[in-house]
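Only one chain is included here, represented as structure tokens and corresponding to the form predicted on its own.
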């Protein structure tokens, strides 16, 4: 991992176009999905996606390779969204609570589940999809990073620019808020 991060740092300092192509290909889906979850707007997410990669291209020499590239990349994306909302909308990330109507349902795990299991899983996914947008953006962000992007708490803290204890607290509170939203029938 450390060696890969160091190689990425060297390549970014040299403005290696092949490296940038590989990184975009590797993180395209996950970064765009994350941006859609932050903004609730696919068009805005696509704009932020482009801006993120422009930032990586222009300021890649700032990446030192000590932290994971993924955390650095997602931090850039997050800060660009926050800046955009501050400038354009006058709201913060915490104020972003509108749902994304085009939200994809959660995928059914591999294997051979019965039709009844498939229906039950689909209903649960729909409940989660309805409940997640009702959560404050700071909780939604941590839940997405943890469970969709499968980041560790340390990485989430780095992306969100908060302490580890704050990331843990947001995850715990987000899970509790999600449980209440599902059980309370708001979902």
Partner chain sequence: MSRDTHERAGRLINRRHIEGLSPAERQWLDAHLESCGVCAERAHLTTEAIASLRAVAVPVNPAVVSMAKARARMRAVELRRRDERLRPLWIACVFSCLIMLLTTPYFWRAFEWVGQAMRLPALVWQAGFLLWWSVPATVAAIALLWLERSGGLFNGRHEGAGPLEG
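Positions refer to the first chain, counted from 1. Owing to the predicted nature of the structure, the values given are computational and were not obtained by experimental measurement.
We do not show the form predicted in complex with the partner chain, though everything after this point is about it.
- Candidate site formed by 50, 80 and 147: every one of these residues places a non-hydrogen atom within 4.5 angstroms of the partner chain in the model of the complex.
- This chain lacks the partner; the member of 162, 138, 128, 67 within 4.5 angstroms of the partner chain in the model of the complex by a non-hydrogen atom is 128.
- Contact check for residue 183: a heavy atom falls within 4.5 Å of the partner chain in the model of the complex.
- Although the partner is absent here, residue 171 sits close enough that one of its heavy atoms falls within 4.5 Å of the partner chain in the model of the complex.
- Using a 4.5 Å cutoff between non-hydrogen atoms, residue 46 counts as a contact of the partner chain in the model of the complex.
- Using a 4.5 angstroms limit between non-hydrogen atoms, residue 58 touches the partner chain in the model of the complex.
- Contact residues in stretch 14-38 (any heavy atom within 4.5 Å of the partner chain, taken in the model of the complex) are 14, 15, 16, 17, 18, 20, 21, 24, 25, 28, 29, 32, 33, 36.
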